[in-house]
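There is one chain below, alone, in structure tokens, taken in the form predicted alone.
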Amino acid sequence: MELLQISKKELLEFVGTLVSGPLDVFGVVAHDGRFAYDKLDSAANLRLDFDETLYSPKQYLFPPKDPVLSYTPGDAASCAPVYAEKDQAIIGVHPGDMAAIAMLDKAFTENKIDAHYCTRREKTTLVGIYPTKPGKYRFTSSMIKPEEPYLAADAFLIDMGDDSYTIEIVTDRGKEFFSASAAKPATADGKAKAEKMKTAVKDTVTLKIKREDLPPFLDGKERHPVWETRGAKCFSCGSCVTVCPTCYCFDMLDELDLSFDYGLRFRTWDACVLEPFAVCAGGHNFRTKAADRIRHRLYRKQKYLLEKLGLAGCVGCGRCKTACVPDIAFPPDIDDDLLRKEAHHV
């Protein structure tokens, strides 16, 4: 893997040239003491010293409202797919969020190719950064393997603790992206230091169960009292999955112009913890209880997707802990409850 060195001043100057060009550039900015991804209108707004963002960069690959088809009502021949047209770059993606994108890449290409996601993905350059600050509830190292973020990343930034970054070039796209910057080949000493700096910031939370042991650990616990206990407090608001970087369930809706001359079909994020989610033909709902929906969410995060795709459906970002008002959605807390109750029964 090629390693380059660039000063922080030079990186911002490079980002400035990108922002003023035809590329849509998204990065982390500060909002009222919190951090969020937004379109950059100035390189000066880019923050790479963040702990955790409110939402993940998933929104730029799988938008909350994603147009898929345009049409004229009554004219079947007018139907035409709608695809993303602009190239974009996302700068400042933590390893957990990068691993989440790798999981989305696999989910949207499994069996049948999702052309809308893949078109936007092909037009996107992903530049990651290793954390420079601990996340309050982050447990990423418990949920992803070190190589998984590289399945999606084009390049990674490593803060060297001084006035410079080391750039890991992962793909040809990443190499081309930084070719116009002032980056130079890293020195031998720089390479050795960069490897240490990648893991300088440790997670604040550690899962008590190894990732590979989670699926068998959850086997047979579908009727555990933990689900009812937490379900009794659940608002079924969907906050936990709205902030999740790996959730990709969606609904399809149509929107007609008031003139009825134009229509747009789009997909919008949906959530398995919402009561209407499991309503099927005839109005039947096979997950009417909040307890069942909470259980399904955790099983999907820690068992189903891991078994199906080989990548975890939870990347340990901790956003659900922050978003959940009754504080019942955090996977490590649920796992701890399952462990305690299990030990008590023994």
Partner chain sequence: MKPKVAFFDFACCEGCQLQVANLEEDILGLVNLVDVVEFREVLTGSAPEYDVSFIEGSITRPEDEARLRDIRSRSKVLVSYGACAATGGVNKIKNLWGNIDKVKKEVYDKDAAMPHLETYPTKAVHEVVKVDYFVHGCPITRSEFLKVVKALVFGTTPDIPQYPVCVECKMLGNECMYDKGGVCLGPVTRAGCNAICPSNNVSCEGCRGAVPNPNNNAMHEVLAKYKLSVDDIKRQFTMYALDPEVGK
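Since the structure is predicted, the reported quantities are computational estimates derived from the model, not experimental observations. Residue numbers count along the first chain shown, from 1.
Absent from the display: the form predicted in complex with the partner chain. The rest refers to it.
Q | One residue of C237, A115, L264, V201 in contact with the partner chain, assessed in the model of the complex (non-hydrogen atom, 4.5 angstroms) | A | Exactly one residue meets the criterion: C237.
(Q) Just to be sure I understand the contacts: of R34, K39, K289, K308, which is the one whose heavy atoms reach within 4.5 angstroms of the partner chain in the model of the complex? (A) Selected residue: R34.
Q) Looking at the partner chain in the model of the complex, do all three of P73, F260 and P326 come within 4.5 Å of it through at least one heavy atom? A) Each of the three qualifies.
(Q) I need the one stretch from 225 to 233, 119 to 127, 207 to 215, 156 to 164 whose residues put non-hydrogen atoms within 4.5 angstroms of the partner chain in the model of the complex. (A) The contacting stretch is 225 to 233.
Q | L274, heavy atom within 4.5 angstroms of the partner chain in the model of the complex | A | Contact check for L274: yes, within 4.5 Å of the partner chain in the model of the complex.
Q. Quick one: does A180 come within 4.5 Å of the partner chain in the model of the complex, counting heavy atoms only?
A. Although the partner chain is absent here, A180 would stay clear of it in the model of the complex, with no heavy atoms inside 4.5 Å.
Q: Please check if K303 has a heavy atom lying within 4.5 Å of any heavy atom of the partner chain in the model of the complex.
A: K303: no, not in contact with the partner chain in the model of the complex.
Q. Should C249 be classed as touching the partner chain in the model of the complex when contacts are defined as heavy atoms within 4.5 Å?
A. Heavy-atom contact with the partner chain at 4.5 Å: absent for C249.
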